[in-house]
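Here's a solo chain for you in structure tokens, the form predicted alone.
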């Protein structure tokens, strides 16, 4: 194709590691829950958006290099205070994206507590069917019987108001290894059914999304099934340290198009520590921090599209600028990003991507909000080592005030009983209860002023 296209620490080790974040940060800020524009950069305009870069699929689709991940649609409250998708804002975002060349929209039955497919379908139905490609998934985690899997598949058509699905995925394989994969998709006969659906034209491209070990990845790749594409987590932080290069190269060898998820690691590569932000800005002050990650994802020729969960229009505009058209990385810039990734390893953040697969918690804990607040404070230097730290008072207040603002008290880490229900759903394989207990212990020491 043309190219134009650290979870095992004991308590003492944990508290010692906490202090590394403050030493690495050049300045101290409050851990507020306020949203920043364009991944922390000044407000952006759409005047510099050019022509979108496209890549070609095995079936001849011209797919926009920027894909819309529909897991993070803007939310609002209904009259009863329930979280619901803000359909008006979703419509506006979809309209703007299509107007500027985005044509790939990725959703799933489980996204946004089951609301994403319907909201995405409503927004897209207002456009000609040939203006977009829809991707959704078989999320048969809790009940993988043939009957339930087939029902979920058929329900996706109804929710999205379509009579064919452009890109259909077996959702999040790898967790539980080969036995789990076989149970969910092989032994129940659902793969054979989906292959026949592709032959009938109701599925145009069949693939899978992956979180797991290399053994399962290679097992599925080598099955006697023609895979039209595969979705993997790939970004410059994971390239050398989390098998991303291995996964990409295996797909490249087989000439299988790659769909990228988590190019920003759930936003973490747009919310770096002050030290790393300064490093990137010194190199290219004209680019947003996020654009470096998207340029990396789009740099590789077998990448069909790179998904971004753009909740805010300014994020959409910034990403459009990056891919309209893409400016490919030089060899020197690739090396620079790898050096940046190695520096990131020195910061004790928790690898939460805010995917919300761990939700809902049966005890009401807002798990992603707790972990993301902690990560934010590490990056901003608001995680003091001890009471002797010269910025202890300021950092203590910033952490505690920001915690209460970000996470209601009844949904904080103190309510975790260690039931472990969340762990089996985490694609990053975080020991969530352990992290919640450690954060809660740290919070209590700050409250009691005994750190």
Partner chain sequence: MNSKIRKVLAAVFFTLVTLLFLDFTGTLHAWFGWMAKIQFLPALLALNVGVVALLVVLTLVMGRIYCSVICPLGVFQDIAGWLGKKAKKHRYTYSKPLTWLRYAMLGLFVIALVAGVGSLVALLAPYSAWGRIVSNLFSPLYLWGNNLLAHFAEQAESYTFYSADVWIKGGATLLVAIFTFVILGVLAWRNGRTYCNTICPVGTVLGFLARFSWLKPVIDTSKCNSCGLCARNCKAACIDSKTHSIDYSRCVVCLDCIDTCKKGAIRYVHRAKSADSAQAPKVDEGRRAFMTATAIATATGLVKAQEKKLDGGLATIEDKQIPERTTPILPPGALSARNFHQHCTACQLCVQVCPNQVLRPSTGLMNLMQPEASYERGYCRPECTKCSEVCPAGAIRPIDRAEKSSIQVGHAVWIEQNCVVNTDGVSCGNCERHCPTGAIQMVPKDASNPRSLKIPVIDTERCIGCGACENLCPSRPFSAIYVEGHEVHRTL
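What we label the rigid core is the largest C-alpha set whose atoms superpose within 1.5 Å from one form to the other. Bear in mind that the values here come from a model prediction, so they are computed numbers and not experimental data. Positions refer to the first chain, counted from 1.
There is another form of the same protein, the form predicted together with its partner chain; it is not shown, and what comes next is about it.
Do residue 285 and its partner chain share at least one heavy atom pair within 4.5 Å in the predicted bound form?
Close contact is absent here: in the predicted bound form, residue 285 is far from its partner chain, nothing within 4.5 Å, heavy atoms only.
Looking in the predicted bound form, any heavy atom of residue 365 within 4.5 Å of its partner chain?
It does: once its partner chain is placed as it appears in the predicted bound form, residue 365 has a heavy atom within 4.5 Å of it.
Residue-level question: is residue 83 within 4.5 Å of its partner chain in the predicted bound form, judged on heavy atoms?
Taking the distances in the predicted bound form, the answer for residue 83 is yes, it comes within 4.5 Å of its partner chain.
Can you tell me whether residue 57 touches its partner chain? I mean in the predicted bound form, with a 4.5 angstroms heavy atom cut-off.
No - in the predicted bound form, heavy atoms of residue 57 and its partner chain never come within 4.5 Å of each other.
Any idea which of 353 to 361, 176 to 184, 324 to 332, 200 to 208 reaches within 4.5 Å of its partner chain in the predicted bound form, heavy atoms considered?
Going by heavy atoms within 4.5 Å, the stretch is 353 to 361.
Name the single residue among 151, 254, 158, 77 that comes within 4.5 Å of its partner chain in the predicted bound form, judging by heavy atoms.
It is 77 that has a heavy atom within 4.5 Å of the partner.
For the stretch 432 to 451, return the residues whose heavy atoms include at least one within 4.5 Å of its partner chain in the predicted bound form, in the order they occur.
Those in contact are 437, 440, 444, 447, 448, 449, 450.
Classify residue 393 as shifted (yes) or not shifted (no) between the shown form and the other one, where shifted means its C-alpha moves by 2 Å or more with the rigid core superposed.
Yes, the C-alpha moves 2 Å or more.
For residue 430, is the C-alpha shift between the shown form and the other one 2 Å or more after core superposition?
Superposed on the core, residue 430 moves its C-alpha less than 2 Å between the shown form and the other one.
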